[in-house]
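Only one chain comes next, encoded as structure tokens, the form predicted on its own.
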Amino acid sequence: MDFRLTEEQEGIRRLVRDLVEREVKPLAAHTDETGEFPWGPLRTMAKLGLLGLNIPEEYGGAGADHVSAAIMIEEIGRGCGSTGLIVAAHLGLACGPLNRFGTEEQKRRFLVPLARGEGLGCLGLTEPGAGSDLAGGVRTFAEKRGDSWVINGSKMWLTNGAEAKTAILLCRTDKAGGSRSLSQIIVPTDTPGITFGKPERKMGLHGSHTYAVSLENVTVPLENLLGREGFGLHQTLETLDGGRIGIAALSVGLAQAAFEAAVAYAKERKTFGKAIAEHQAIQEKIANMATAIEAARWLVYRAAWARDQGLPYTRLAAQAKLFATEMAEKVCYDAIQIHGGYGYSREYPVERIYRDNRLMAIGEGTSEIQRIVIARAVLGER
């Protein structure tokens, strides 16, 4: 296996890093403090084709591979966690399943505008009584009435919800229950009967808005069924496999940002007559941080590469997410330690980065769920 990046992938890194340094990173603190949705940088990304980076050109995208998408999300996360999560959710959780399971007509109608950046997408899975247990917990029901689906229920934690143009909702379409009773349905967010709550008040990622939504007699055509009826759980799990690579990449970017801030501070801050970077205790932390980030980065790239090659990547994606998110937790913690008291202050970015990363070990399946996925894959292989 050759994991060297291509010239095109390195070019995408340079392009995104330049954009992030100009437009994303300078707004990160403001986005966190105000909770404003970062429409400005997102519009620039749309013009550059980044909001459909790994979507085929015939459907409005740039036709790049999944490794390139991981690199992009990593670089955006290096500048702002909120903006990184917005893009990761749009590209992985909305554009991804539309591209993978959509009909030609669905792709033309829904995927093309999303890939062009003419609107954002979101995915609705979680409910008040359904988190990791989607098969048994989903209560939102879609009933066939004539030539339409009529949807009633509620969803929680929709990233990009009210800002999105198109939502993909996991619904129960068979009252008999079981894993074959769930289906994915495409729902434009301006459909009558959809009511979004206020953005959730969260620990971090304040610029990435997350919503609860109620669905009351939301009616869409039968042809808005995404993929096969009764295969919604299977399609969702496959979607989450890809989404986990995006979250892992985002954590690598956040860790890289915290690491760079810590190194810069360690070179400037002096104690006992010399820069703290010269103290062995600080050097040990920096060495561990650099090594862990590099290991996580290549786990992410390997999972994305396997996906590009059409190889099984469920276990690889879970491993990348588990390691990268928990790595970033430790790196951000140590970055605050290196800053000392200043690390606890909002004057320095490491406090914000630490809060932003905390979600990563929860969303798209908790670390505990990742361990179950990995263990079952290993035991199954044996």
Partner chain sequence: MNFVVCVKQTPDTAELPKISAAEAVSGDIKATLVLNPWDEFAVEEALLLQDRFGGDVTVMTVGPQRATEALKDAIARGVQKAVLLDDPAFAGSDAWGTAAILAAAIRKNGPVDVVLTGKMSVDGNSGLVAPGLARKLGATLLTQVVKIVDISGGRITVERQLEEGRETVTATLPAVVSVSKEINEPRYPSFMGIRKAAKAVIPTWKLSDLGLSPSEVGAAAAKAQWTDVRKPPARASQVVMIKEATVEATAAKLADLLMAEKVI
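Positions refer to the first chain, counted from 1. All values derive from a computational prediction rather than experimental measurement.
Below: the form predicted together with its partner chain, not depicted.
Contact check for E7, I12 and A64: all three have a heavy atom within 4.5 Å of its partner chain in the predicted bound form. With its partner chain left out of view, the stretch that reaches within 4.5 Å of it through heavy atoms in the predicted bound form is, among 321-329, 31-39, 349-357, 55-63, 55-63. At the 4.5 Å threshold, heavy atoms of Q337 stay clear of its partner chain in the predicted bound form, well away from it. A residue is said to contact a partner when one of its heavy atoms sits within 4.5 Å of a partner heavy atom; R371 fails this definition for its partner chain in the predicted bound form, lying far away.
Contact annotation for A361: none of its heavy atoms lies within 4.5 Å of its partner chain in the predicted bound form. Taking its partner chain as positioned in the predicted bound form, none of the residues of 340-364 brings a heavy atom within 4.5 Å of it.
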